[in-house]
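Form predicted alone, single chain, as structure tokens, below.
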Amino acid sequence: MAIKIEPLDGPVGAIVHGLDPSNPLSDEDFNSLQQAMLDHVAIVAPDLEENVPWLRDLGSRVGPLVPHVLDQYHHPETFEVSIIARNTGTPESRNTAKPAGAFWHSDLSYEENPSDAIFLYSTQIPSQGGDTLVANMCLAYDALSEATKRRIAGLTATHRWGWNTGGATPKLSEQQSATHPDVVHPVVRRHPNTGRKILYVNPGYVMKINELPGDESDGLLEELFAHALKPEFQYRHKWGLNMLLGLDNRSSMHAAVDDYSEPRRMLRMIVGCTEKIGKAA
């Protein structure tokens, strides 16, 4: 049975019906799923039986999977899947001041080759809370004033792991830190598949705009972040058990909501960068 795509009523998101973890996706269905991520930024597939190899293989069809730098949280079945757990009372549970991802960010923007897409799958959820927020950074760019678009054209920003994460990221080991120096990306990038321009900055990892003095950089970033986080660009994802959320990581940023105390456990697949980032035309 072919999958069906049901767009959500909002700036982000579509529900995918008909996925079956007991069977590989046909090429036609995979192409439909991938197009839905491009068209809607986020896809949601509910009620999927847990199948780690299937999840890994789904992610790897989108692009090469990247092991997360925090290798202590790699899944025991495969290093291409990582575990994001909180309040579970197990060694895989993180004990940072805030839950993992509880800040606005785009995955791996702190790397020279950041992530094209991510997939999150819920294996344990709290009875209340623990939502994930997603912001559409294509819409955010489109809604900028023409004066601001001209102002930020050609600018670059420095990204750093753990820069402004409010205690939600563990400190890297010396070895992990050595492989993750600061990186520079354009403030505006063009999506390689859709051609749309993206406001490519996020509060969690962006330190500064390189071409501006400190105070001016801080002021512009504050302005851009406030603009991008307007409600009209956001989707609030409410988790169900055994649910899959896929995000086009180039055209979005996301944040986990820190409002729960019960156990929460996710599996994550990170799709690497398939094209060199260039400045927007």
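Note that residue numbering follows the sequence shown and begins at 1. Note that the coordinates shown come from a computational prediction; the quantities given were computed from them, not determined experimentally.
As for the form predicted in complex with a small molecule, it is not shown, yet the points below apply to it.
Participant: Does any heavy atom of Gly101 come within 4.5 Å of a heavy atom of the small molecule in the predicted complex?
Facilitator: Because a heavy atom of Gly101 falls inside 4.5 Å of the small molecule in the predicted complex, the answer is yes.
Participant: Could you confirm whether His254 comes within 4.5 Å of the small molecule in the predicted complex, counting heavy atoms only?
Facilitator: Yes, His254 sits close enough to the small molecule in the predicted complex that at least one of its heavy atoms falls within 4.5 Å.
Participant: In the predicted complex, is there a heavy atom of the small molecule that lies within 4.5 Å of any heavy atom of Val81, even though the partner is absent here?
Facilitator: It does not: once the small molecule is placed as it appears in the predicted complex, Val81 has no heavy atom within 4.5 Å of it.
Participant: Contact between Arg189 and the small molecule in the predicted complex at 4.5 Å, heavy atoms?
Facilitator: Close contact is absent here: in the predicted complex, Arg189 is far from the small molecule, nothing within 4.5 Å, heavy atoms only.
Participant: Given that the partner is absent here, state which listed stretch (103-111, 193-201, 149-157, 171-179) has heavy atoms within 4.5 Å of the small molecule in the predicted complex.
Facilitator: Stretch with heavy atoms near the partner: 103-111.
Participant: Only one of Ile209, Leu120, Ala140, Ile125 has a non-hydrogen atom within 4.5 angstroms of the small molecule in the predicted complex; which is it?
Facilitator: For this set of options, the contacting one is Leu120.
Participant: Of the residues Met266, Val12, Val271, Val16, which one places a heavy atom within 4.5 Å of the small molecule in the predicted complex?
Facilitator: In short, Met266.
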